[in-house]
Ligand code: IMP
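Listed next as C-alpha cells is one chain, alone, in the form predicted on its own.
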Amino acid sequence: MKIVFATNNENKTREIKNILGDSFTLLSLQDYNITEDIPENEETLEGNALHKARTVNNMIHTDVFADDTGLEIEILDGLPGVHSARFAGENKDSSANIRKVLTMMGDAKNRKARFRTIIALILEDKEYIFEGVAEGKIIKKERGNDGFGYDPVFIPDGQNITFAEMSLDEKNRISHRAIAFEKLKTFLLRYQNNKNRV
C-alpha cells in the first residue's frame, strides 16, 4: 500500500518510516518534487493537519496524511501550542524557540507540559483524525543531541532522560508522534485487510 506523507521534513519522515515498518510504501513531498512550504495558518493543530492533507490531496490526487504537533506548557496557558514551530520567528529556529520558552518559564516550579500530535488522513476521499499525547515536563537546560524541535528540554513522564537523549527506537516507543502514528498504522492495516477480503 502506497501512501504520501505531506511533509518535506526528513527527520519526521525517518521517524515515521521507523514506526510504519515494511507494511507500507511511504512517500514524501520530495518524491513528487513539491518543495514549497504549505502554510500553517489555522488556529488549531487539527486545522493545520487537515489543511496540509487537503492541499496535497488536491495537488496529486492520491491518499495522503499530514500531521501537526504542538508543545503545550501548562504555566504558559498552552503556549507555544499551534505556534510551536515558529514560536520565535518565521524561520523555524529550534534553538531560538527553546530559548524563548525557557525565558518565559524562568524559574517557575510548575514545569508540566505535553506534546500533542494530530494526524489528518485522506483515504479514498474520506477524512480521518488521529491523536497522540505525551505528558512530561520542561527542564531548565538542554540535554541530548538527537531528536529535533523541543526534544532537548522535554522529559516524558516515567523517564529521566529527554527525548533528545533517547535513540530513535526508544523515542518511538513512547512519543506523542509514535502514539498517533501507531493509531494510523492500526487503522490502515485493518482497512487493507478488509479490502483484501472483499
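On a predicted model such as this, the values are computed, not experimentally measured, just so you know. Start at 1 with the first residue shown and count on from there.
Same protein, other form: the form predicted in complex with this ligand, not shown, and the subject of what follows.
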query	finding
Contact test in the predicted bound form: K12 vs this ligand, heavy atoms, 4.5 Å	yes
is_contact(F148, this ligand) in the predicted bound form, heavy atom dist at most 4.5 Å	yes
H51 within 4.5 Å of this ligand in the predicted bound form, heavy atoms	no
Exercise: R177 in contact with this ligand in the predicted bound form, heavy atom 4.5 Å	yes
This ligand in the predicted bound form: contacting segment from 27-35, 168-176, 54-62, 135-143, heavy atom within 4.5 Å	168-176
Contacts with this ligand in the predicted bound form, stretch 101-130 (heavy atom within 4.5 Å)	F115
